[in-house]
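Just one chain is shown here, as structure tokens, and it is the form predicted alone.
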Amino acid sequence: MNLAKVIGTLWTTKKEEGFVGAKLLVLQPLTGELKPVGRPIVAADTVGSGAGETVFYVTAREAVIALKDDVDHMTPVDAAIVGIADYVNGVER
């Protein structure tokens, strides 16, 4: 799992059916010390997070599993938010 800060929302007019009802959020990946690292990414939100929140996300196959609502359908996703962080290294967010 990885840490990130939600920095925006991606709006689309058309999307694959597995994304219907899911928010796509722009994340800035963070280090364990909450410092920005790398370039922003887009992730599907599965927990109802919002702008400014620190979240943790999964990538690759785990992201597909997080969005799977039908045993026969696999949504083509690279990253999915699976939690909102309240504390990181004892620091309240």
Partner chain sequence: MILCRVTGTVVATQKHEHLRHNRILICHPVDLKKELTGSSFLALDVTDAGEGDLVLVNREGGAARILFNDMHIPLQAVVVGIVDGIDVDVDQACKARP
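If you're wondering where the values come from, they're calculated on a predicted model, not measured in any experiment. Residue numbers count along the first chain shown, from 1.
Below, we refer to the form predicted together with its partner chain, which is not included among the displayed structures.
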For a quick test of understanding: in the predicted bound form, does each of Phe56, Gly83 and Asp86 have a heavy atom within 4.5 Å of its partner chain? yes
Can you tell me whether Gly52 touches its partner chain? I mean in the predicted bound form, with a 4.5 angstroms heavy atom cut-off. no
Would Gln28 count as touching its partner chain in the predicted bound form under a 4.5 Å heavy atom rule? no
is_contact(Ala66, its partner chain) in the predicted bound form, heavy atom dist at most 4.5 Å: yes
Would Arg61 count as a contact of its partner chain in the predicted bound form, using a 4.5 angstroms cut-off between non-hydrogen atoms? yes
Within 4.5 Å of its partner chain in the predicted bound form, counting any non-hydrogen atom, which residues from 1 to 24 show up? Met1, Asn2, Leu3
